[in-house]
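Here's a solo chain for you in structure tokens, the form predicted alone.
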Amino acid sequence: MIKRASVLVGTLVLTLLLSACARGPARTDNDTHRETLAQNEKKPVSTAVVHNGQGNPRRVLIAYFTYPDNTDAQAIHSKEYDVMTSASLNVKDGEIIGNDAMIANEIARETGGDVFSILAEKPYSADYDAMIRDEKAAAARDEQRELKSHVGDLSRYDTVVLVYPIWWDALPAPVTSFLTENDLSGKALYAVASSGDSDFVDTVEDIAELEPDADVYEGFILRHDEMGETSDAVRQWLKTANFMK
């Protein structure tokens, strides 16, 4: 089920979406999902989980994916693009940080939640031109990516906020991998995205399909040229988010 929270960012038009999961005598997506979870039980807990000093009173995890975290600490460069714009980079306190990391950290600051960076096992090329070429081809082949970061114990969280960029009208492959390997049943799952110019497209529906037993909510989208308004956008959204009431 997809539930949409009221959002005061931009001109988003919010409608209630319903997603039904077909069930029958044949193998179901849930069967495959449970098998994947079993295969991942022995994976190490990632040190990428940053626990909030406020003690996380609302039991919130903010999981985010951003390209700059996934280049194996290599500096992003490009011959064709202005990478500070195209690669979704910002400079904050003298440090280069991805848009989605900025959004995630701001949500954590406002909620007291923990933060988790979704990291692919194979680093992305720091050559932005090559990354675009390779990932477009991979998206066309619907390739998945193994992860090197793993949350571990999700029982401490009631709410998960998933922050991700819209890549070619879809979820980035590591975000799909994160949802495939983690069982978020019974949790509130909020989708928050960054984008150059698109809306959520079908990504919220895709999240609901991958997590059929979670309560999936559409959060808000922040455009690349609105990143200077991150704090205000997060605060406005949290005024309407159920887990803040």
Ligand SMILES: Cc1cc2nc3c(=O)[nH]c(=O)nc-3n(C[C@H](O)[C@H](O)[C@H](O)COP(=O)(O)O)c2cc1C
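Don't overthink the numbering: it's just position in the shown sequence, from 1. All of these numbers come straight from a predicted model, not from anything done at the bench.
The form predicted in complex with this ligand exists for this protein as well; it is not shown, and the discussion that follows is about that form.
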Practice prompt. Using heavy atoms and a 4.5 Å cut-off, decide whether T66, D169 and H224 all contact this ligand in the predicted bound form.
Written response: yes
- Task: Using a 4.5 Å heavy atom cut-off, state whether Y157 contacts this ligand in the predicted bound form.
- Result: no
| query | Any of the heavy atoms of D114 lying within 4.5 Å of this ligand in the predicted bound form? | reply | no
query: Taking heavy atoms and a 4.5 Å cut-off, does G98 contact this ligand in the predicted bound form?
result: yes
If you check in the predicted bound form, is D202 within 4.5 Å of this ligand, heavy atoms only? no
Residue within 4.5 Å of this ligand in the predicted bound form by heavy atom, from A126, V151, I132, L119, is I132
Taking this ligand in the predicted bound form and a 4.5 Å non-hydrogen atom cutoff, the residues of 182 to 205 making contact are S194, S195, G196, D197, S198
